[in-house]
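The form predicted alone is given below as one chain in structure tokens.
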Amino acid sequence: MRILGVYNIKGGVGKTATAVNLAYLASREGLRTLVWDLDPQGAASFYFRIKPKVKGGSKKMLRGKIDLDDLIKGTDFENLDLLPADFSYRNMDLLLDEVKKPALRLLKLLRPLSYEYDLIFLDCPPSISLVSENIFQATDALLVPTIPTTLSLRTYRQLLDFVANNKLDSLKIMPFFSMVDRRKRMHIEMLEQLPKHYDELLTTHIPYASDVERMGVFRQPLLEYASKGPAVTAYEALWAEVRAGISL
């Protein structure tokens, strides 16, 4: 089993679209795939038409009084399940602080699922917190959608500093450009310059596209309602690059 976190300190960079579309592509290839919607806003749950509600809330979950198995919901797509969001996730930092070895709690909860799933995507909330530390400890790789702007680059550097300062050397970081608008000069300049300084950048760029925005209208992964187009091609290329990068 591989665990992939889709994470950025910033919000609004395309994390949920990435998690949902890559999970869909993985499941379509026959991989038993789970998305855990860790964001209390519940966007991934919304896209999959599943109520963002966890029985017993995050308190019972984190204290081990209920198994994750009992909380997982099937989606409309074969090989693709969802662990829904819950509004109680907004308090997850406080609850983690109350358990033993708090930074490893999510990993402990996920390990029993290795018999059921080949791949788990964590759709992460935007923050640097105890939840983030759990995500960094649990994942095999961290996918970081990054808009090619100055502020987005700044938050990416903050992430790198946090990883270095906390000695998370084994964490594989896989940043890529998202919401790319080639009409903007800054976007083009960063696409050209940053790969020279960040060898870890993936080569795939996800474009800013109305097709992606319409996921909220159709409440489906992009490839269910758009069979072609630049965004479809980009997500397919991104999945191929990610899969090769984690040797799956």
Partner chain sequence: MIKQQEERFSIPDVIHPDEIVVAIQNSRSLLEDPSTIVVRTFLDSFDWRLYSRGLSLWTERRDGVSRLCQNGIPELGPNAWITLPGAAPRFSDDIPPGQIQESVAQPLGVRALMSQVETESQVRSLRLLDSAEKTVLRILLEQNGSRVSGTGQYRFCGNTIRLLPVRGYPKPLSRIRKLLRSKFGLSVAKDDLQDEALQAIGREAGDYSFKLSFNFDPMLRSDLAARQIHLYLLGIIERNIPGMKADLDSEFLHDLRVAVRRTRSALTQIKGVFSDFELDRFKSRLAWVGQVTGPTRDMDVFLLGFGQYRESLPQKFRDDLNPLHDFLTKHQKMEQQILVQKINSPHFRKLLKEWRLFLETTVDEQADTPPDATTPIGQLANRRIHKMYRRVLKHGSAINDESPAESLHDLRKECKKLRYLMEFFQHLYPNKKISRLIRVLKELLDNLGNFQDLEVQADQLREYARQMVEERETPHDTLLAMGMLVDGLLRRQQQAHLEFSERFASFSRPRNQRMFRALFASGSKGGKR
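Positions refer to the first chain, counted from 1. Since the model is a prediction, treat every value here as computed from it, not as a measurement.
There is another form of the same protein, the form predicted together with its partner chain; it is not shown, and what comes next is about it.
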Candidate stretches 166-174, 86-94, 113-121, 149-157 - the one whose heavy atoms come within 4.5 Å of its partner chain in the predicted bound form: 113-121
Listed residue that, although its partner chain is not shown, lies within 4.5 Å of it in the predicted bound form (heavy atoms), from Glu213, Glu189, Glu29, Asp181: Glu29
Contact flag, Leu130 vs its partner chain in the predicted bound form, heavy atom cut 4.5 Å: no
4.5 Å heavy atom contact, Leu202 and its partner chain in the predicted bound form: no
is_contact(Asp140, its partner chain) in the predicted bound form, heavy atom dist at most 4.5 Å: no
Touches its partner chain in the predicted bound form: Ile72 (any heavy atom, 4.5 Å): yes
Heavy atom contacts to its partner chain in the predicted bound form at 4.5 Å, residues of 74-109 in sequence order: Gly74, Thr75, Asp76, Phe77, Glu78, Asn79, Asp81
